[in-house]
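For this one, two forms of the same chain are given in C-alpha cells, first as structure 1 and then as structure 2.
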Structure 1
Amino acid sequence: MNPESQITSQIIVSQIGCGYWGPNLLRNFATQSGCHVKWVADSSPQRLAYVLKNYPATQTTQNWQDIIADPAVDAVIIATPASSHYELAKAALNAGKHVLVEKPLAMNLKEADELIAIAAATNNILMAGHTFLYNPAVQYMKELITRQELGQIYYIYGQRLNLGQVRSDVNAWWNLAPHDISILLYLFSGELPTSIAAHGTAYLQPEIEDVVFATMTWANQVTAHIQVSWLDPGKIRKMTLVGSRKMIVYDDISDSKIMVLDKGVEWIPKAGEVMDFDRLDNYNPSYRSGDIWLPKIDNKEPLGIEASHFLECIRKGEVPISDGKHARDVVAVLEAGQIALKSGQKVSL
C-alpha cells in the first residue's frame, strides 16, 4: 500500500526549483488543503536540506526527471530560471501533468505558443504565476470596471520604482513591467494594445536600461503609461485609473490599497444654449469632486489565492485567470516594448 492511496482525493503536486521565489510557492502549496507536495527538485543540496528541514513529508531530488517520471504526480510547479521554463513545462505537459510555471511563461512568443498548443493537445491545465491577478486589490479594481462604476475609462498610469535589485541579465523593462502589463491586460479583459512606444536609458550597465517609460494605446483612445525603474529614491507601487465618472488610485504599499474617488468632468450647456453636442463651445466643463472611499481590501496573501486557484482549476477542469494565453500576451507586449525601446519608434501589435 503506497502512502498516496490514503490521499487519493488529494492532488499530488511537485515543485522544480526552490531558490529565490520557490520557497514562497512551496509554503503556500504545503498549507493548501486537498493537496500534497510529494517532491521538490533543485540542483542545490543546500536548498534541498532547507526543504527537508521545513517540510519533512516532502521528498527531495537533484534530478527533475524523477518528478516527470513519477506517475503519482498530478501537477508540476516550475520555479526555475526563466530560460529553462520552456523545456521543463514541455516535458511536464507531455508527461500528462498540469503545470504552473513562474513568469515569464517563456523567452519568446514561439515557445509560449508551443506550450499552449501542447497543453491543449494533452488536455492539461497550463497556468503562469502572474501573482498580481490574485491580488485582492487588483481584483477589486477589475470588479469596479466590470460593474462600469468608472464610466468610460480614459487612461491608466503606473509607477513601479525602487532603489536596488539591479539585474545584469535583463533590463528594468523585462524585470518590472511584466507585473503592470499583466494587470493592464486583466483589467482590459485580455484586449492587446494596438501600439507601444518606450523610452529608457542605461546608466549603471551598458545596454541594460535602468529606467523605462512606456505608452500603450488601445482602441477608443484608451491609453496606459508605465514607468519602471530600479534607480529611484522611493519605493513606489502605484497605479491611477482615470474614468469619466470615477477614478481609482491603487497603492500597493499603502495600508488602504484602493482609493475610489467620485471625481469627473461633465459638460453643461452655457446659459441660453440648447443641448447640441456638436458645438462643444456652447458648453462649460463642470468638475465633480465628491466623496472618497477606501474599501476594506481582503489582506489574504495573493500567492495563497493563486495556489488555491490552480488546484481548483485542476479539480473542475476550468481555465485559470492567468492561463497560457494571458502569459503569452504579456510576453507579446514585452517583446513589442523591447523593440520600441531599442528603436525609439512606436511599434504596432
Structure 2
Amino acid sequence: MNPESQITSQIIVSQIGCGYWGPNLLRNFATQSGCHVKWVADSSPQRLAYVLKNYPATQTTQNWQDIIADPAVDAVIIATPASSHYELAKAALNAGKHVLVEKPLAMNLKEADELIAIAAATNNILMAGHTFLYNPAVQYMKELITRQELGQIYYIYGQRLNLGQVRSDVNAWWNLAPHDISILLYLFSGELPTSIAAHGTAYLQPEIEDVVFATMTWANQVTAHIQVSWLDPGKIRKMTLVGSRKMIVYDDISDSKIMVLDKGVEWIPKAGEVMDFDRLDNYNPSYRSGDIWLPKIDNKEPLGIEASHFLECIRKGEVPISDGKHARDVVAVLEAGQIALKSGQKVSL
C-alpha cells in the first residue's frame, strides 16, 4: 500500500469514467469508511463539473493517465464503455493498482486471460462489477441451491427487458446478458455450460441486435433460456428456477424479490400396481402444489456491498466473489453466444 494511504489509514481509490453508471459507483465509494476517492477522470467537462459540485474533496481530470501515474492511488475503478475496459485495466494493473472494472471484463477471452495473468504477476486484486452477485436475493437463491432445497434443478428462464438504454458500442447481448450469465455461473458454482444457441435481430441499428434469445445447456442437462432487449414496452428483471422439489421466482423490481413455491410433479404407482421404475406405464403423474414463501430479503444496496467487498479484499488480500476467473468465464459465454448469434449455429464451450 502506498505511503499516503498508510498515513491516512485509508485506501486511496480513483475512478475513470463518470457517465451513465459512474455516478452510482462514485456515490458508493465516497461513502465507504476507510476509503478516499482522490481522482475522477472523464472526457466530459460537464461530468467533471458534476463531480466537483457534489464531491469537492475529489480532484478531476480529463486525462485518465493522471490517475495511472499517481503513486498515491491504490486502486482504480473503471466505468467506461466496454471496448476500453481491457486497455484501461491493463494500464492500471501494470502500474501496480488494484482494479475494479465494470462488466464485461473484456471483449474477448484473449484479453480477459491477459488481464488475469497481469493481476497475478503484479499481485493485485482484479475484480469485475458483476453487481448482482452482491444482491442479497441472488445470494439467498444460492443458499437454497447449496442446501438442495430445490432438489434437482430442471431448467431456468429469465428476462431482462426495458425500453432503452440503446447502445451503439455493443449489442443487447453484451450489454444486458452479462448480468444473467454471471448469476447463472454463480448459482452453478462456476460450472460453464457445454453449449449455447442464440438468435437476435437488429431493428434500430444495423448489425447491433436490440433483442436476443439465448439457450444454454449444461452437462447435467440443466437448460437456461434468457431473453434480453432494450426494445420492450416494460421493465422486467425476472428469473425462474424450476426444480424437482421446489421452484423459485426471482423478481428484482418487486418488493417481494424472492418467491419460493413448493410445487412439483411426482410419479405414483397406479392402483393395484407394484413399484417398478423400469415400467413408467405403471405410474401416474401426481401434481403437488403446496405452500408459497416470501422470505424477507435484506434491502441493502448491492453496489454498496460490492464496493465494501472490493475494499475488504484489498485489505485482507482475499479473492473477490466476482474475481478475474468468474469474469473471464462470463466473457467465455458471451463470446460463444456472439458466435452463435452471428452464425445461427449452436456453439460448444
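Here, a residue number simply tells you its place in the sequence of structure 1, counted from 1. In this text, all values refer to a predicted model and were calculated from it rather than measured experimentally. We call the rigid core the largest set of C-alpha positions that still match within 1.5 Å between the two forms.
Q: Mind telling me which structure is the form predicted alone?
A: Answer 2, the form predicted alone.
Q: Using a superposition on the rigid core, decide whether the Cα position of S168 changes by 2 angstroms or more between structure 1 and structure 2.
A: S168 C-alpha, core-superposed: shift of 2 Å or more.
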